[in-house]
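There is one chain below, alone, in structure tokens, taken in the form predicted alone.
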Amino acid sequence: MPRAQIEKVAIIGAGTMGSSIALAVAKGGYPVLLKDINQEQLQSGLGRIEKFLQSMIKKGLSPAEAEAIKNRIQPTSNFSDLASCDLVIEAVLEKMEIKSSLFKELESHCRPDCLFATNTSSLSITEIASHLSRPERLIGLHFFNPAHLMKLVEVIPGLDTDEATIKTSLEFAAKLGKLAVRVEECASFLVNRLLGRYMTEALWCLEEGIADVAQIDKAACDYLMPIGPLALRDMNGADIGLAVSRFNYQEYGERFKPAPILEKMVELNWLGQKTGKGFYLYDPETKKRSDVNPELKELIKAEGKKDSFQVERLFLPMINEAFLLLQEHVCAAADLDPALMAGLGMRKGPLTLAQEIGLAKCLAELEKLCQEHGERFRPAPLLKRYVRGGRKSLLEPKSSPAAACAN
């Protein structure tokens, strides 16, 4: 039987994400073992944690509390030290062979009732668990970066995850002060799946020449977002963005098709902040953003502006994907907007936005865009049902996906 109560936690991987998760867990009051392969990696991770804490002190954390948090984190390079842990969270490279090998190793050192969690942002929880002799104790705990500051944790069961594991994991994340949202397994899970539609559509708008970089980013920020989609792509890296886009395209099909401009930018090594050039130009030392990259216009081969740019064009695909996601019962309707607001900093979620625009108008606009641009705008069947049923919002008491599908 999986552990019902968490008292001691281990984090595997002292990189940027692992260090941040370790800090989040220690901040929540838990003793933490931070494990990596050698002392050099561990010292690097502890150095990151110290920098995180100094930043938190500047924002109001008392030095005494910072010291108490730091003292809850103990480094180790030995698997044998994990025998006393109730939960182990891995934050290693996003490669199936590395994660599956790690969990096999953990099984030989941890108690049978110790819970295992993966912080993967995209890999299959079920596939990782399939390599274990006790797959019921593995779950996805997807923290958002930086984990010690971001409020959202997606709690993702695999096909074999025990209900007790799910319950304990949701309670643990909540005790860290996080918004813990249960998400059924699907490619890119909840927040990154919806983010992907919005990010990709921004690239298609640029590709078509209906708006430039500054217009797209300003419109998105003025409308809902804390940062524009193209500036965010530069922060995360065009190469990472392309890999995620290709993965989602493989999993979901045409509506996630990568825009050609992104592939061209990766070929040119215009990856964003880390190479000094992306959609914007960056100072090589400070990474501070300056002007829009003037060479981008050479990559845009639009034959003429067919449409005028409307900012809703960026968010309609996200709204549509939200209906598809709820149709698949990936999460509860009531959890969707809070998850997007906590995970992305949106000022309102896509379901609230859809209600404000009007579901009938959303459907009409999607149908029009589908005729003009093809499959990536094909309206979700659940959205059609709501409009045909005269519903004004998916958040109305009678408007659960199950009720709609039963109509």
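Please read all numbers here as calculations on a predicted model, not as lab measurements. Residue indices: 1-based, along the sequence shown.
Note that the form predicted in complex with a small molecule isn't included here; everything after this is about it.
**Student:** Answer for Gln41 alone: is it within 4.5 Å of the small molecule in the predicted bound form, judged on heavy atom distances?
**Tutor:** Flag for Gln41 set to yes.
**Student:** I'd like to know whether Ala334 contacts the small molecule in the predicted bound form, with contact meaning heavy atoms within 4.5 angstroms.
**Tutor:** It does not: once the small molecule is placed as it appears in the predicted bound form, Ala334 has no heavy atom within 4.5 Å of it.
**Student:** With the partner left out here, check for me: in the predicted bound form, does some heavy atom of Phe143 sit within 4.5 Å of the small molecule?
**Tutor:** Yes, Phe143 sits close enough to the small molecule in the predicted bound form that at least one of its heavy atoms falls within 4.5 Å.
**Student:** If we define contact as a non-hydrogen atom of the residue within 4.5 angstroms of the partner, is Met96 a contact of the small molecule in the predicted bound form?
**Tutor:** The answer is no: Met96 has no heavy atom within 4.5 Å of the small molecule.
**Student:** Answer with one of Thr120, Thr165, Asn293, Thr200: the residue that has a non-hydrogen atom within 4.5 Å of the small molecule in the predicted bound form.
**Tutor:** Of the listed residues, the single hit is Thr120.
**Student:** Just one stretch in 277-285, 97-105, 308-316, 323-331 has heavy atoms within 4.5 Å of the small molecule in the predicted bound form, so which one is it?
**Tutor:** Heavy-atom contact with the partner occurs in 97-105.
**Student:** When the small molecule is placed as it is in the predicted bound form, are Gly13, Met17 and Asp36 each within 4.5 Å of it, taking any non-hydrogen atom of the residue?
**Tutor:** Every residue of the spot touches the small molecule in the predicted bound form.
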